[in-house]
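As structure tokens, one chain now follows by itself in the form predicted alone.
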Amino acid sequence: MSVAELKEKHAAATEKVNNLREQLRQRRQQLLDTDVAEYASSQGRSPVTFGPTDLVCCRTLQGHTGKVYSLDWTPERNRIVSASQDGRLIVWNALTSQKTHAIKLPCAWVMTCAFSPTGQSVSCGGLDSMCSIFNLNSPTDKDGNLPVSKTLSGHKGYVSCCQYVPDEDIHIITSSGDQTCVLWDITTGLRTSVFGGEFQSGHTADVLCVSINGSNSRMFVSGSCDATARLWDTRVASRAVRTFHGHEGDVNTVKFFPDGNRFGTGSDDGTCRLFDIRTGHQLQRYYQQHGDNDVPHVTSIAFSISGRLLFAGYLNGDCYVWDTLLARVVLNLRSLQNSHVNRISCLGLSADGSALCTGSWDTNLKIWAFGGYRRVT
């Protein structure tokens, strides 16, 4: 068979696949006769309301000299690790605003960081294509720097995100610009499984983010520049369990819903979306219309403990609090006192839901707490 004939067969097969995909999308759209907001409204659900003192900025964490790119809380809620363009990781005491560690990184081009479940170590990754692990209990070297305790090397592109497998310090999942996700054994420093890459069901562009299911740590979801999110089972690396379409731009952030049956996404198309992992359906779209036709990219999201609230950071500095049931913005943190003055690059909720931390290109992190008797529920 000649090359021309092979190309013709490939083109015909591609067209057939695209047609089948479109038929499947149309069929799913027919079955999806309502969304969460429409159903909740029909049931008479009341929207969440916020007073002027219900959510306040109680602390500003100052110490970085470059843009803050990533942050993560410890499970015990009182410590935060942040990664910045200044080439440092800083571990903060969230209750006192004090720095407990300032870690100088081997590569300044860091993109992500994470706390281990026990809070004994932190990890980071970036343009060096490696994931570096630091044991916070290790002695410092002669220059006062904390040494790297383990380096996970194997990606062929930048490391965009890292997240420890819950309840253990020995496994971590990373995503990368090489279009793959990798499950690592930290003890040996070796790859346990590679998700994507040469496999047909993998992402077709850079993978930007991952989120591990808190209810079932074998399942995780990834978001990519191919405008899709994919669900993976760590026991079956050869293929994605399901692919979720709908976004019209890079999927920058993914986060599992508290019950583990749904997950949220945020994208360059300016929308957040809620998907069901059991049916593959999109349950809700969260989009705030802007009068100037500007569509700010969504950079980071987090859910409250109950899932009723969705916190979303945007490229233009907005940080919306969405009512997930009614798909309404109930608050914009940008409108409050002591808000950030640049884009929101990352955010995260404490383990007990009592505080929200946001990181920004203005070099600061801010901790937001609910006033009075109100909690993030």
Partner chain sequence: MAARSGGSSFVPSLPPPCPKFPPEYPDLYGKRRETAKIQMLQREISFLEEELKSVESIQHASRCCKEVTDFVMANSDPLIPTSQKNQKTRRFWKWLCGMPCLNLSWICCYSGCSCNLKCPWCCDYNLCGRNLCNCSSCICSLCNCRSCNCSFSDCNLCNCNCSSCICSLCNCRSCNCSSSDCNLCNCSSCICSLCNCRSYNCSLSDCSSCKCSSSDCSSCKCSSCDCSSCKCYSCNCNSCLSFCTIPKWQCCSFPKSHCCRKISCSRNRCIFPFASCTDCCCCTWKCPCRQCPEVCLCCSCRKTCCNPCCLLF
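Numbering follows the first chain given and starts at 1. Note that the structure is predicted; figures quoted are calculated from it, not measured.
Beyond what is shown, the protein has a form predicted in complex with the partner chain; the following relates to that form.
Look at 180-188, 201-209, 115-123, 166-174: in the model of the complex, residues with non-hydrogen atoms within 4.5 angstroms of the partner chain sit in 201-209.
With respect to the partner chain in the model of the complex, the three residues 69, 308 and 325 uniformly fall within 4.5 angstroms at the level of their nearest heavy atom. Among residues of the shown chain, residue 134 is not one whose heavy atoms approach the partner chain to within 4.5 Å in the model of the complex.
Although the partner is absent here, residue 216 sits far enough away that none of its heavy atoms falls within 4.5 Å of the partner chain in the model of the complex. None of the heavy atoms of residue 232 is located within 4.5 Å of the partner chain in the model of the complex. Although the partner is absent here, residue 73 lies within 4.5 Å of the partner chain in the model of the complex, judged by heavy atoms. Residue-level contacts in the model of the complex: of 102, 295, 227, 148, one residue has a heavy atom within 4.5 Å of the partner chain, and it is 102. Counting a residue when any of its non-hydrogen atoms is within 4.5 Å of the partner chain in the model of the complex, the hits in 54-79 run 54, 55, 58, 59, 62, 63, 64, 65, 67, 69, 73, 78.
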